[in-house]
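Only one chain is included here, represented as structure tokens and corresponding to the form predicted alone.
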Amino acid sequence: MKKLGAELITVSTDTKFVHLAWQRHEKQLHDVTYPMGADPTGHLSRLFGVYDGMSGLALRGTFLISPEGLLLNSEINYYNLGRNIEELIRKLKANIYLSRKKNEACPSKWKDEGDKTLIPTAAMVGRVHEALNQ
């Protein structure tokens, strides 16, 4: 993420001690170098609309926020559904690209600069498939 100019921060309703235990014992987290924020009161989780008051837990929210503080993308998954880092990186790259090319649109299969984009027009409505396959 840093290569793309982005900062990754994870936050959960767990305490910093739970994060430390996860990082020490869960092999998937062994090499984690990004900050893991603790939100045991649920304040931040409520702010982002992912707090479940019935369980006291936060749903799995993923948010891309621009340097100006603008929410670019959000995705909320239920507790037991993992997130796809490749898709998150694709969305991040697309948002970086679109910040320079504001009149273009990146279709769902867009992965990197050089891939086909679209320039939305009224004539394209109902003809996206044709525009992508020209």
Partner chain sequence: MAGNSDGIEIGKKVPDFEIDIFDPTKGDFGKIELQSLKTQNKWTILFFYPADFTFV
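Positions refer to the first chain, counted from 1. Being a predicted model, the structure only gives us computed values, none of them experimental. In this text, the rigid core denotes the largest set of C-alpha atoms whose superposition between the two forms falls within 1.5 Å.
One more form of this protein, predicted together with the partner chain, exists but is not displayed; see below.
Proximity of M54, A58 and F63 to the partner chain in the predicted complex is complete: all three residues have a non-hydrogen atom within 4.5 angstroms. For E68, a non-hydrogen atom is located within 4.5 Å of the partner chain in the predicted complex, even though that partner is not displayed.
Under a 4.5 angstroms non-hydrogen atom cutoff, the partner chain in the predicted complex lacks A105 among its neighbouring residues. The partner chain is not drawn, but in the predicted complex it has a heavy atom within 4.5 Å of E7. The partner chain is not shown here, but in the predicted complex it comes within 4.5 Å of a heavy atom of R46. Contact annotation for 78 to 113: residues with any non-hydrogen atom within 4.5 angstroms of the partner chain in the predicted complex are Y78, Y79, R83, I85, L88, L92, N95, I96, S99, listed in sequence order.
The Cα position of E26 differs by 2 Å or more between this form and the one not shown after fitting on the rigid core.
Residue displacement note: K111 has its CA displaced by under 2 Å between this form and the one not shown (rigid core superposed).
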